[in-house]
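The form predicted on its own is given below as one chain in structure tokens.
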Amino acid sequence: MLKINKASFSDFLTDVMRYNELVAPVMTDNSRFETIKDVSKIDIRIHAYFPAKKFFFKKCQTLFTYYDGKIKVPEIELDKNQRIMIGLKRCDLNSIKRQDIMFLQETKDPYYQEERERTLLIGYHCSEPYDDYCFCSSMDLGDFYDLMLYEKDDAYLVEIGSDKGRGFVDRYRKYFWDTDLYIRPHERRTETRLHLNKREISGLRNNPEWKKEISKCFSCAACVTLCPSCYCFDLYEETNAKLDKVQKKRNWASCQLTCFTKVAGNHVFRETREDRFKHRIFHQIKYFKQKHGMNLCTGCGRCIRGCPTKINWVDMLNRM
């Protein structure tokens, strides 16, 4: 265990920013992760309203261009500066692990891989829940980080979680000090006020409780857009007026939209809002775990926090 003194933390961040791309939570019109130009705007305690996944899984991305009879693929920029992302909460870090499964293990995505390999993840441990919508203590989250910060009086205790993290500490060793302080097991957990009492939901599909919450759903897709773990996308083509140049692009997509399962002939596989709503919850809690051994959901609470009608599906499942 090492420590970094709070008195020198701004100097440390300024030094890091000098030679790296620094990303951290800030408060603008809302809280979000942004590339930092002024370290005074950073607040690593913020549980960002918008997740960090846009830095790895781009909201809109050109995969290739067809022009003049040739296909051109965007070049992978191997010489980009290292990115240091700081202030990630345990739910955020575990969500990045879920996206790694999809974009690095299940299918290797070179664009995602490029952004992940150049990024060092520095977490910040929440000693208490951010608000009443957090339920991460229900989700069996693991340790997944390069460095983790624990706040202690006038310093941050620093735990190293990878070789990449150790190399980073060695590079900035003047800011890190050895310490006899340590983190007790209970200090690694965050006890949330909201709990998902049971994650085995196989027998709940036809429970009448669903309809109470589904009746409030607009199918606006805010829950999926704000989810740090969701990874679905659509592919489409953009052409110019002469129809001689085509760009193949991908955008974030949402299982809550009717168009998501629409196919040729205008058939929609999940046409009703109820089918779409249930599918999302079952994918988060059951389907992904059946395939990958862990829930897709990490309990960050963003889907409830950002829902315009505040649909609390955790309470709904508990009532069932």
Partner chain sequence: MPRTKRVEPEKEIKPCNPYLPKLYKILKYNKESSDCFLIRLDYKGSYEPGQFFQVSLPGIGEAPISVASYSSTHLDLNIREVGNVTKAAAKLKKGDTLYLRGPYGKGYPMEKLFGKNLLIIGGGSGVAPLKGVLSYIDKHKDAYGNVEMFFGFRAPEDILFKEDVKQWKSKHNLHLSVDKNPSKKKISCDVCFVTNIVEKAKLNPENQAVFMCGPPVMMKILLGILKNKGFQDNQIYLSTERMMQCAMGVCGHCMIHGKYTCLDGPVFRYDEIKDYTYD
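Positions refer to the first chain, counted from 1. Please read all numbers here as calculations on a predicted model, not as lab measurements.
Keep in mind that the form predicted in complex with the partner chain is missing from the display, and what follows is about it.
Taking the partner from elsewhere, C60 is found to have every heavy atom lying beyond 4.5 Å of the partner chain in the model of the complex. Under a 4.5 angstroms non-hydrogen atom cutoff, the partner chain in the model of the complex lacks M27 among its neighbouring residues.
In the model of the complex, the partner chain stays beyond 4.5 Å of every heavy atom belonging to R193. Remark: D15 counts among the residues lining the partner chain in the model of the complex, judged by a heavy atom distance of 4.5 Å or less. Exactly one listed residue, out of R205, K242, K212, R184, brings a non-hydrogen atom to within 4.5 Å of the partner chain in the model of the complex: R205. Think of it this way: in the model of the complex, the partner chain has a heavy atom of just one of K41, R32, K286, R45 within 4.5 Å, and the residue is K286. Heavy atoms of no residue among E128, D180 and K216 are located within 4.5 Å of the partner chain in the model of the complex. Heavy atoms within 4.5 Å of the partner chain in the model of the complex belong, among the stretches 87-95, 143-151, 128-136, 233-241, to residues of 233-241. With contact defined as any non-hydrogen atom lying within 4.5 angstroms of the partner chain in the model of the complex, the stretch 292-306 contains no contacting residue.
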